[in-house]
Ligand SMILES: Cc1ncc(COP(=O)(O)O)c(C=O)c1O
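Take a look at this one chain, the form predicted on its own, written out in structure tokens.
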Amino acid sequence: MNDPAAAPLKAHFLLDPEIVFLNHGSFGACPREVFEDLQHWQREMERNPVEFLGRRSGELLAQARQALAHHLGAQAADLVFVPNATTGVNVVARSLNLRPGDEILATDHEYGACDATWQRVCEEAGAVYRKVEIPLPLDNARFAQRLLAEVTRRTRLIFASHITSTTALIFPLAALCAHARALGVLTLIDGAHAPGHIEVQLDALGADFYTGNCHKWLCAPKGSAFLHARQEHHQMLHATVTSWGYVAGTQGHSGFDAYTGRTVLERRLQWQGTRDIAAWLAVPAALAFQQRHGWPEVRQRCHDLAIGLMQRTAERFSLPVIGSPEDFGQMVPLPVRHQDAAALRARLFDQHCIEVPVTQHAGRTFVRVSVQGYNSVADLAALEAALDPALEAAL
């Protein structure tokens, strides 16, 4: 069960060696050197907080955004840091100025916190949040068609995940974004799981808005994420906190002119009072870590291991998979007998020291496995060995 490909990478992470960690998708895991870079920036801030936050932060953040934008196939001017993808969704949702009768379309695979965001915003405005069923197994050829067929004259925006949280499916989005634009309907893509997991080229994708996490599959520190918006939409976006970016002609606490050389997007969203920006500044270190370790090859190895595990599990329990191998990246849903998801997750952790989520969708239960570069064949074998007694205990 030795896996020489995983051993070198595992030494770079701070994960508890007593735990089989198969849940990178929830919060990610940060390499030691990236964590040290985070601490470096925190120490820099504490040496002279006024200089760091008041006079250096603007340029430091610009450099970090430039590195991230280059990685994502985007322009730095169209991208701004946020703490997490849920914040990015909230920024767009609360900037739309919805009116009674307006409609937001989404798939029935969306993340619960984002569902809650749209439900609340729509309720406050008298608008409608409508979820469109995307049947399983995924039919890529009909994905965009199913959503676009539900568009009405009241549809303001289509909301969809790039990689779904519950079912781990990669949704085909390019055609959806292009056809929605032709219809005059905005698109917001929740890319919480995508950057670092699959290839992301934002300008080519063409979504009106895209928000993604850096602290998951990019292996950056917790609290690092971004919101990307096409240039024509910068003016409509408003920060969840009103601060110096809304004060015309002042320098404010951020130490740079509020209008000279800064986009509306950056002015409004970047400075929202005093906060620790070190996680954002450490994003280039995470990108450098993955580049040095040949991440495309790491991703391919992890994908192959994940797909093999999913197919073996489906055959073992005589249950169908919900997509083809091309519909998944490094995260896959293992089909298991429908049962108490929380109880199965607890059993796998308490009895087998396996950290892995158990999700449910459309009357089915899945063990959602994330395979990251530090995972070994032995980690997957441990889960396979634990599933039989765990399932029997649930019957």
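Each residue number is its position in the shown sequence, starting from 1. Predicted model, so just to flag it, every value in this text is computed and none were measured.
If you look for the form predicted in complex with the named molecule, you will not find it shown, but the lines that follow are about it.
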Discussion item. At 4.5 Å by heavy atoms, is each residue in Gly25, Ile163 and Asn213 next to the named molecule in the predicted bound form?
Written reply: yes
Worksheet item: 191-199, 97-105, 301-309, 173-181: which one contacts the named molecule in the predicted bound form at 4.5 Å, heavy atom to heavy atom?
Response: 191-199
Worksheet item: Is Cys114 a contact residue for the named molecule in the predicted bound form, using a 4.5 Å heavy atom cut-off?
Response: yes
Worksheet entry | Partner proximity in the predicted bound form: Leu169 to the named molecule, non-hydrogen atom cutoff 4.5 Å | no
Discussion item. How about Asn84 - does it come within 4.5 Å of the named molecule in the predicted bound form, if we only consider non-hydrogen atoms?
Written reply: yes
Worksheet item: What residues in 362-379 sit within 4.5 Å of the named molecule in the predicted bound form, counting heavy atoms only?
Response: none
